[in-house]
Every structure is written in structure tokens, then in C-alpha cells.
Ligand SMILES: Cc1cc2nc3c(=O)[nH]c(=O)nc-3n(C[C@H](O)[C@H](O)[C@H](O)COP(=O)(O)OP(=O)(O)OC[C@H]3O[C@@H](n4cnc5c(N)ncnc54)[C@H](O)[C@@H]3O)c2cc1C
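Heads up, the chain below is alone and in the form predicted alone; it's given as C-alpha cells.
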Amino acid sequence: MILPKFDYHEPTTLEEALRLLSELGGNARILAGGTDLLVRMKLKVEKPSHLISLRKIPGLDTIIPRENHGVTVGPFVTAADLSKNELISDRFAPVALAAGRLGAPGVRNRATLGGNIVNARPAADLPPALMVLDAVLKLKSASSEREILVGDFFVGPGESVIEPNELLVSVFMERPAPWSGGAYIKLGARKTLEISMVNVAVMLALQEPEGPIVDVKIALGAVAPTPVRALAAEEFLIGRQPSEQVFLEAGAIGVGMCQPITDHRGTMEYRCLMIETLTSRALNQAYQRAIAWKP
């Protein structure tokens, strides 16, 4: 398979990239890692006339700690860098864990945070992890900018609220509260180079090491047209003492939030069973990290 013809642009500033997006509109696509876009172009699923590379724009591949506040991550940061970053692994564990399960090492070296978000695939690894951290996306055009919660970004499979002239320029995550812990679990037919059959991200906060649970967020991927929060399970958990039985009950409640399908990767019935099991397991892992929290 060969790529269709296109014009290649390599701006060196963000302003130049935004101007190109404004001028070229829907005929252009942003090229970051290219692990999804180039495949779809070879398959003739997408036929953009112009590709705008972000490779030479400084600052889009940085992870910037905000003093006692949070972290800002550029859209051009690769999955490999996210998975290895000490701050992300320590305080934003679901993101580091999800990045470490994305594809194979060669894919993780190219796939970017921005691409995994903007592609809006229901089975993508990073969106559920970002949702449990209430990540804020900054979208910018040549004439304006806006911020949006990642949970409000996705509309349907491959569809989001980003406009053709907008670029995702940063992702901000607030530092979690003390006694917080997170987890991410992905189920696929094999361990690498596999699209999720089900994935679960959890962020859990305790009032103190002995509990109770004062905040919890659960996000599920590959079980609905977009990643979804298991809000009923979260509501059930607030104020309860953590235990395996409580987590099992929360997992069962989480199934009700999903609309899984049957496809070549798994049946609807199997996915429902796995949602329950993996949610309970992720809650347990997040709890273990929460009680091990260190200032």
C-alpha cells in the first residue's frame, strides 16, 4: 500500500501552523506520530490534500510541572515519554500506565498524546486515563482559544468537538489530593500491538489511610461509542470504607453504564463480564496505591 498524493507542510512556529489550518480548513490534517493517520491514508479511509507536521514546532513535546498545582503536557509528547516520566508515573499513574500499554515499543516511540485524543477512537488507551484525572484540553485557532474537559471532547466514534481550524496545544492535569491512587487495566486478545477489548481507568482518594473514600472516578473504554464514566458506581463508592466486597459491587454497577457490542475481538456478554471484573480489580489497585501515598 502506498500513500495518496498530498502537499507536506512543516511550520516552525505555532502561529504558522494555525495560519495554515485556517487557510486550508478541512483539506488539511495534522501529522504528529502518524501511527493512525498514515495507516488510514494507505487504506484510502482518509484522503487529505495537505499534511501539517508538528515536528519542528518547539514546546509541543514538553512536560511542564506546575509548582504544587499540576502538570501541563504538550500534544507532541510520545506515549513512551509519558510512560517513563517520573512525575506522571508518581502522581498521574493512570496516564503513565495507559501510555505503557499503547501498542508495541515501536508504536509508543511515535504515537503522541494529542493523536490518541484527537482521533477519538472508543478503544483508545489514553482518554479514559485522562478522564479520571479531569484533564483540561486547550484548543487553539488562529483567532481564538478555548478550554474543554476531556470528558466533553468526544462525540462519537472518530468524532469530537474540535473544529477543522483548531489545534490541541496542551493538556493540563490538576495534582490529585493526598491519599490518592490510580490504576489502568487493558484487556486485549494479546499483551502488545492490540486494540482494547475493554479498558478501565480509576482514580480514588481516601479521607485518610484507613478510609473512607471521599472521591473516585471510573472511566471505561471500548464499551460504548465514546469513553464513558461509570457515574452510578462512583456514587455508590463515595463515603464507603474500601473493601473487596464493595469494589465487587461497584464493578457490577459499572456494567450498567455501557453499551458493548459483539465483534471479532469479543462478544457483548464477555465484555460485560470483563467490565465488572476489571473495574473491581482496578479499584483494588488504585486503593493499594492510595494507602501507599507519600507527600
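Residue positions are given as counts along the sequence shown, with the first one as 1. Remember, it's a predicted structure, so these values are computed and weren't measured experimentally.
From this point on, the text means the form predicted together with the named molecule, which you will not see here.
Although the chain is displayed without it, the named molecule can be placed by superposition from its pose in the model of the complex; doing so yields no atom within 2.4 Å of a backbone or C-beta atom, and the site is open.
Shown without its partner, this chain lists Ser83, Ser141, Ser180, Asn119 as candidates; in the model of the complex, only Asn119 has a non-hydrogen atom within 4.5 angstroms of the named molecule. Think of it this way: in the model of the complex, the named molecule has a heavy atom of just one of Val216, Ala93, Leu168, Val198 within 4.5 Å, and the residue is Leu168. Shown alone here, Pro176 lies farther than 4.5 Å from the named molecule in the model of the complex, counting heavy atoms only. Taking the partner from the other structure, the named molecule in the model of the complex has no heavy atom within 4.5 Å of any heavy atom of Leu231. Although the partner is absent here, Ala250 lies well away from the named molecule in the model of the complex, with no heavy atom inside 4.5 Å. Residue contact with the named molecule in the model of the complex: Ile162 places a heavy atom within 4.5 Å of it. Residue heavy atoms within 4.5 Å of the named molecule in the model of the complex occur in exactly one stretch of 22-30, 266-274, 63-71, 232-240, and that stretch is 22-30. Not one of Val136, Arg146 and Gly151 comes within 4.5 Å of the named molecule in the model of the complex, counting any heavy atom. Contacts with the named molecule in the model of the complex, taken as any heavy atom within 4.5 Å, map to no residue of 86-100.
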